[in-house]
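Quick setup: one chain, the form predicted alone, written in structure tokens, and binding and motion questions come after.
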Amino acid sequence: MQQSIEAVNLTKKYGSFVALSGLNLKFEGAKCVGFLGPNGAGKTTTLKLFTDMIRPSAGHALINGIDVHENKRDALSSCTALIETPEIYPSLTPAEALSMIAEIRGVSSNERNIRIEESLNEVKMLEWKDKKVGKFSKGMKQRVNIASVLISDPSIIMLDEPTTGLDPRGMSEVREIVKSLKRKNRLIFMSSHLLNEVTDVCDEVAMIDHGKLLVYDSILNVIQKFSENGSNIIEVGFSRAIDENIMEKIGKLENVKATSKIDETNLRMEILGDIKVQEALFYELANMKIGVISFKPSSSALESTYLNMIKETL
């Protein structure tokens, strides 16, 4: 059975204030789903409901088909979460902190040291295993926090704005770690209010505002579905400088409406068509052997789509 996360009419009220309103959402399989919304939209509330940190006013939060509130142990047995930004005791080393967490999560004493080393290696912190956390930068601390959710080798991981408060380097490091987590058959549910982060890391996006779901789909489909002219903006990265000959060849491809350079090794394409057209276009570009190394939706296109949708809920 594929790992899954599902909200069924999930609602949370605080008196007359509705933090989450009748959320119906399901995703399954191995991928990263971005949970996108402005501050106060209901993202953290949703994650807390899925971990039973708070109780729903109505509806159900299901992990692998099991109601989290009714059967927390079984529902969360294959799931871990990093909610908000927990602090690690500064006098502890990563190895000591993770040993405590491994014991709490039931990792056997025989496997504990192996899991600690594997988790720290996955977040590129193994060489700091025996250094005191109090001397770490924010980015390093967050990498240890992410290692803590890997201790029990979960198939489902929930992350609540994991790059908040980090400098650009720290943000980049954490995003690369999240990308690497996707390669190990895991379902990742990551909340964020940063559009470029969701575009860079996630496969699909669920947009939320004022506690209500606006849309859930692949990023490419969301951009196309809610764009004004049915087009998609794609950013293509190259391993070498783009010359005019390459620009001309790409401009002549079917369904390419316009092209423009972002910088020496990146260009922006406006294309017409659904996900199948985009797949065919990517295949054509790869076969041209012109050094294509990336193909992704433009963060500016997602931003435009998102802002248009947010205006409708005001």
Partner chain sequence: MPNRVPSSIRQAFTVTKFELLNYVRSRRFIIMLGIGIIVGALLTLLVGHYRPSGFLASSIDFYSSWWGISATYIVILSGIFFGGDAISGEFQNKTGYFIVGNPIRRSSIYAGKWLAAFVASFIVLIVFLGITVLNNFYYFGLNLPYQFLESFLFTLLYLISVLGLTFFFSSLFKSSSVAILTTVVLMLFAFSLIQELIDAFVHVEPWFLITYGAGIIGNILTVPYPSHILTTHFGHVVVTSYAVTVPEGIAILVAYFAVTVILGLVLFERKEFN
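Since we're looking at a predicted model, the values are computed, not measured. Between two forms, the rigid core is the largest collection of C-alphas that superpose within 1.5 Å. Numbering follows the first chain given and starts at 1.
Note that the form predicted together with its partner chain isn't included here; everything after this is about it.
K.L.:
May I ask whether 203, 239 and 282 each come within 4.5 Å of its partner chain in the predicted complex, counting any non-hydrogen atom?
P.N.:
Not a single residue of the candidate spot has a heavy atom within 4.5 Å of its partner chain in the predicted complex.
K.L.:
Even though its partner chain is not shown here, does residue 62 get within 4.5 Å of it in the predicted complex, heavy atoms only?
P.N.:
Because no heavy atom of residue 62 falls inside 4.5 Å of its partner chain in the predicted complex, the answer is no.
K.L.:
Do residue 188 and its partner chain come within 4.5 Å of each other in the predicted complex, heavy atoms counted?
P.N.:
No, residue 188 stays farther than 4.5 Å from its partner chain in the predicted complex.
K.L.:
Can you check whether residue 54 is within 4.5 Å of its partner chain in the predicted complex, heavy atom basis?
P.N.:
Residue 54: yes, in contact with its partner chain in the predicted complex.
K.L.:
Just to confirm, residue 244 within 4.5 Å of its partner chain in the predicted complex by heavy atoms?
P.N.:
Taking the distances in the predicted complex, the answer for residue 244 is no, it never comes within 4.5 Å of its partner chain.
K.L.:
Only one of 218, 152, 164, 196 gets a heavy atom within 4.5 Å of its partner chain in the predicted complex. Which one?
P.N.:
Here the answer is residue option 152.
K.L.:
Given a 4.5 Å cut-off on heavy atoms, tell me which of 172 to 180, 70 to 78, 205 to 213, 117 to 125 is the interface stretch with its partner chain in the predicted complex.
P.N.:
Result for this chain: 70 to 78.
K.L.:
Quick one: name the residues from 79 to 106 with any non-hydrogen atom within 4.5 angstroms of its partner chain in the predicted complex.
P.N.:
Contacting residues: 83, 84, 85, 86, 87, 88, 89, 91, 92, 93, 96, 97, 99, 100, 101, 103, 104, 105, 106.
K.L.:
After superposing the rigid core, is the C-alpha displacement of residue 80 2 Å or more between the shown form and the other one?
P.N.:
No, because once the rigid core is superposed, the C-alpha of residue 80 moves less than 2 Å between the shown form and the other one.
K.L.:
Hey, does residue 142 budge by 2 Å or more at the Cα between the shown form and the other one once the core is superposed?
P.N.:
Residue 142: C-alpha displaced by 2 Å or more between the shown form and the other one.
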